[in-house]
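This document starts with two versions of one protein chain, written out as structure tokens and named structure 1 and structure 2.
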Structure 1
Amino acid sequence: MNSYLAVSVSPHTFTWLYLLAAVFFILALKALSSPKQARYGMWIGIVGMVIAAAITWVAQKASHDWVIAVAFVAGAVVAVPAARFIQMTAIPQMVAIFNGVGGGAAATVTTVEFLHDGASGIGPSHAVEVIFGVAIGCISFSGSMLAFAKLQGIMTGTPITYRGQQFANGIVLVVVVGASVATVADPRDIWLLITALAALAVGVGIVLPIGGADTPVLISLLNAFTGLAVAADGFALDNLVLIVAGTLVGASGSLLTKLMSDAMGRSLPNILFAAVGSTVTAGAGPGAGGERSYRSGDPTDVATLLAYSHRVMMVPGYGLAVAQAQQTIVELAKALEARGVRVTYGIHPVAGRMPGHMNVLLAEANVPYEELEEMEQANGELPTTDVALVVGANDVVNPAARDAPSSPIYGMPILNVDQAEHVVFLKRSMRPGFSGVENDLFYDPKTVMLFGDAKDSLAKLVSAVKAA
């Protein structure tokens, strides 16, 4: 279809080098199977990108070299400092913005392709490829930018809903499809513009009603969208490396989206649309049965319990990241380790604001990765654990998800902290978690509640353990 490439590089050489780059991308992802090789893998991926970008640069028709060079340098100058100095707690919004930028680039590339070919008449199949690139790219761009604004605190992180939201979203989606069909039938710029604008609105519509605790799913989904947009661009430009790279990312994003929704025990549509149109399920479960007694401890009691244990498992949740207490929990672990207590971290897949976020926060706080245990491994060890210390997590350790078929969170995989000999909850109050479901474990005789700000409580525990 388009052979605008200069012939100074033979088509064969070109394809071979693209294939090499694609193989490098696959190897880069494969290296992520183990923390030991992961970093080398990233460099393999970077080499792949340099090969692909360099060969494209050499082969592209020799016009606008200066424009490309200036835009390239400008992009690098903006991105490098941002990426260098970002806080690890802010990684989710960083990923969101880079994701959006990639989606925007994908949409822009196919727009140029359309404008360029439109003059000479664009065939229907080519138009379809272009439309996919533009529409998915635009959804990804606006959705990611909004997610960035929410995570960065530029706007409220709570779900935004309004009357008739589903209807409005439906209308916009119909406009996208309608304008797309119109573009294919009658390839005029105005139709493509309407498609793009409506797709931008769809992205906003998807992200508006999603709340803070569901962001791991959202970010995975947007990642998949950008991957698919890039793959669509690959079809539009007949470009092998774009198809392979975009598809790899699309697969990765889709898989993570599925893993995250499974880890929440909810379906993807439920997460995306739950806040829309539903009257908030009131937290007051009927099983509460008036006042129930629970044991509330002070830091000294808890510190003694911890200091004289053999095995302690830390169970950090979203609340720990919110309280920025990851350094303090590691201090506590180190104080306990210095006394010979064996400390591990049991990490639920959705702890944090994006898939695996808690692991990065703890790795930054110098926890060796061997101590970071995935849910399955942690569950194997909990029955022989003396104390499970739950910080800022609730639903992910609620036994109701396992035992009570009537519970709204039933079926969500949890960390079985109730199987440890003692359970300590660091919480602000007795308020139930995000799902609003009462946690019976709070009232269990083996449980001690330590109320207060997570960071504050942990700091008190550190000094109490050191004194014990």
Structure 2
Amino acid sequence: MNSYLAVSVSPHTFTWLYLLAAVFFILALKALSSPKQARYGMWIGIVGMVIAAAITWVAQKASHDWVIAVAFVAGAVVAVPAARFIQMTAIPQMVAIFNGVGGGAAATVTTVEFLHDGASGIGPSHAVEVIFGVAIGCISFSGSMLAFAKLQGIMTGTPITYRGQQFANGIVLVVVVGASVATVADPRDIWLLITALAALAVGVGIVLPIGGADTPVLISLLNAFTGLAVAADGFALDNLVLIVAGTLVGASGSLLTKLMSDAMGRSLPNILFAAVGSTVTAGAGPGAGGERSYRSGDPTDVATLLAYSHRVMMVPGYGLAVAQAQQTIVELAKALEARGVRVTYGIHPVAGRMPGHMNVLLAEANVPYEELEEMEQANGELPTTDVALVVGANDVVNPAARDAPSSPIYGMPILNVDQAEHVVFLKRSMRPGFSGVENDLFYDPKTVMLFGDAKDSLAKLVSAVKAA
């Protein structure tokens, strides 16, 4: 079948069809930058991928139809149920493991290309393309798998550090570079194997000292790595669509990593190597905090405060996602709006465990995008806000990031909820956030702590507001 199609369709036509798929990828990425057009962007990307996969299948010179068909079916059997039934709180894990699979696939493809061409000789420029795909792909694979294990709770999410860690990482990186140079100079399988193994170790070394608070940046960085590995595959295979798609992912992932780092007020090296979160500074239960006193309230008291306010700002965090309480917080907002209260949502760019986590979460609950206020806009309104209702957030509202130069999170831009007239925290306990840094705002006289599961607490608030 393929031999006939390969003859009837000219290589020039394949090039134009690949270019069409690449244009679809660019349009998809553009549409995905806006929540209003994101759904259309997804479908545009799907069409582009179908075109690219179909053309690659038709363009193959050898008869491997059954192998490709089995791969398509196996991928669909795994991916469709995973995407359909995944919980919102598990999306970061899914992103991590899918990204790792992409990096591993990129490394595998370039390895096969190297082994295929090795017998007939491989030129230096082609060897560089192969080495780049193998090294970056292996880093992305091992790093993403370890990130998945942390996010899934298979291993601790606390930064793992040891004496001489950075020196050891540096040595392994030198091995990667040295073996890569040796592979280019003398293309032997052993040098490629050493490069791959050392690159896998580099991926592990990058992820070990990363704490939960820095996970969004880590996911974005690993995504960029996979894109670069795919682009290298494109050069190695002389495939236009892989070059364009990989470059798009690599460039957008790199830019997003930079934006996320800026949102945290820290440099990328500091995020990767500072091991923020390795020391927890608070206890485990509602009574933690030593001799310091705090105010706790009940749903009726908090509901009365909310019902008689003029302006309320909801500040969601990862705790909202864990409790699957996005629909309930919208119910509370509607109950307040029915009483004439103006309700908005203050969104921090790194709240949650992946970029845009809170935006996706609230979009799932059909919150109009216009009601989601980015950090700069929200901070402009907080001084005139009656109540800031913080649901499951911590680090992104911690004044230590603004006022305490000795704090590990100092310099990270935050939502200034302490400037609101009243602050209400919905939390399970007095434990700090992912960074392990205690939040002094818990003990501020204007703050009320409402302990319990976020969804349950919000449901009680809805009932109490309606009865107020």
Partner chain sequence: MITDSVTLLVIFVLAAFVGYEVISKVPSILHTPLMSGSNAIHGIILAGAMVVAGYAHGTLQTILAAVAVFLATGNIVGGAVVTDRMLGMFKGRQPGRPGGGAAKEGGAEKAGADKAAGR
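Reference numbering: structure 1, starting with residue 1. Under this definition, the rigid core comprises the largest set of C-alpha atoms superposing within 1.5 Å between the forms. Because the structure is a prediction, the values reported are computed rather than measured.
Structure 2, not structure 1, represents the form predicted on its own. After superposition on the rigid core, displacement of the C-alpha of Ile97 between the two structures stays below 2 Å. In the core-superposed comparison between the two structures, Ile409 has its Cα shifted by at least 2 Å.
Once the cores line up, the CA of Ala400 ends up 2 angstroms or more apart between the two structures. Once the rigid core is matched between the two structures, the CA atom of Ala335 is found 3.1 Å away.
In the core-aligned comparison between the two structures, the Cα atom of Ala323 sits 5.7 Å away from its counterpart.
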